[in-house]
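To begin, one chain is listed below as structure tokens, in the form predicted alone.
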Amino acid sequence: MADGVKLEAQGIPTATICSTAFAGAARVQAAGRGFAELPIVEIPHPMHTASRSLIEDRASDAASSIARALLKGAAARGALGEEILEDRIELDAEPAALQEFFFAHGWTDGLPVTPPTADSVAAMVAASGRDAHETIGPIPPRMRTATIEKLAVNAVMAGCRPAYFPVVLAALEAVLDDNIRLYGIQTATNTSSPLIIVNGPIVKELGLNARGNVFGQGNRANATIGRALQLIQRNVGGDIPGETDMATHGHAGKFTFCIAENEDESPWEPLHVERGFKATDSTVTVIGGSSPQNVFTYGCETGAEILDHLIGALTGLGHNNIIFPTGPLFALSPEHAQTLARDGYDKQRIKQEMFTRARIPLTRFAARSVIGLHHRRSRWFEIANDPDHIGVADRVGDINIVVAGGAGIHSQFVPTSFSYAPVTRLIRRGGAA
């Protein structure tokens, strides 16, 4: 769809082919980009599991519709027009009625929100040290631009304190980097959502949770910073389940997906230092992540035994890092990290062993899967010199490790997808980093 819009803008006729399950989403996304009449040809769903003969029949049936679309010429442009919303809405109602107002307008993620008053939004803007009329965007999938003030509205709704807002803005700027591929994350059938990792002195200053239950509930800063980014994607970007977000299942990270690194209990340099920043810098790092998979090392006593379990998690079929060359992310518990370090493993050695050992024989895959892997993971086959296996990263440096969590012999394997690489941004407060 996105390619069709670009080509039509250049006067090149197109026919965008979609299965029936996704044609509605394609039309909504095309309209959001100003091409409400983008020619879309529907074919019956599903296609991935259809037989070759059925696919050929469907292709034959669609041929005349494709020809008509191409002969029709460039689609009508700008059919939507710009959406006009009031800058201020005056409400005088009981709290329950206010919540129903936001639900009725589709401005929530399914949970109650904090009504944004003029004073609360102004305090949020002031904490950012940025002009209320400064703009950030475009924000996919509908490619809208928003002012700092409008972004502050969403941060208030998410329940943020003003001091959290600079973190939200840094995370937003990170996810809009081309390396994150936010549009793909938002609109695919995958479970992916932007994962925010916070590092530096701001973690303690704001009380972000880096320890026990780090991916879970209960901490206001983690919960509301991640939620604010999600509400911005929804209310500004137009990322709506069933319209643009076509995730087959989704995951809880689509409510909020924000952690901090447990730097105090890590035996190694933290993520942001590894990525070229100073230890005294406060940063956010973002990558497209899916539901974490728990790695439970019951009975393991050595770093080598723990590493065997981590690598074992990587060699199961079906996770994203088989298909996507993003590189897996591990959130190692302090106990695992300290045992590994005790036994001579630093981050580089762990990554090297994962890269070398976490390889899956192509004989374990269906024939069509192997064909697809040669296409989607072509760089692996070009540089790894291993034609018989697929690895979980194209390069050692594509594997990412942070230390996070509390006591216990558990770590988390976070399958990643879509992003070309993690993106790290400084957190600017009061106009400075």
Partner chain sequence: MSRITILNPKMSQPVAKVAGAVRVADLKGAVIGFVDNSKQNADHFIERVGTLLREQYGVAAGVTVRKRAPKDELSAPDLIDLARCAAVVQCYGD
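It should be emphasised that the depicted structure is a prediction, and the values quoted were computed from it without experimental measurement. Residue numbers count along the first chain shown, from 1.
One more form of this protein exists, namely the form predicted together with the partner chain; it is left out here, but the text below deals with it.
A.B. asks: Any chance G184 has a heavy atom within 4.5 Å of the partner chain in the predicted complex?
C.D. replies: Contact with the partner chain, yes.
A.B. asks: L70: heavy atom within 4.5 Å of the partner chain in the predicted complex?
C.D. replies: Judged by the heavy-atom cut-off of 4.5 Å, L70 is in contact with the partner chain in the predicted complex.
A.B. asks: Does the 4.5 Å heavy atom contact test between R161 and the partner chain in the predicted complex come out positive?
C.D. replies: Although the partner chain is absent here, R161 would stay clear of it in the predicted complex, with no heavy atoms inside 4.5 Å.
A.B. asks: Using 4.5 Å between non-hydrogen atoms, is G218 touching the partner chain in the predicted complex?
C.D. replies: No.
A.B. asks: Any chance all of R33, I43 and A62 sit within 4.5 Å of the partner chain in the predicted complex, going by non-hydrogen atoms?
C.D. replies: Each of the three qualifies.
A.B. asks: Which one, 260 to 268, 348 to 356, 102 to 110, 290 to 298, holds residues whose non-hydrogen atoms are within 4.5 Å of the partner chain in the predicted complex?
C.D. replies: Contact-bearing stretch, as computed: 102 to 110.
A.B. asks: For the stretch 1 to 32, I need every residue with any heavy atom inside 4.5 Å of the partner chain in the predicted complex, listed N to C.
C.D. replies: The stretch 1 to 32, when checked against the partner chain in the predicted complex, contributes A2, D3, G4, V5, K6, L7, E8, A9, Q10, G11, I12, P13, T14, A15, T16, I17, C18, S19, F22, A31, G32 at the 4.5 Å heavy-atom cut-off.
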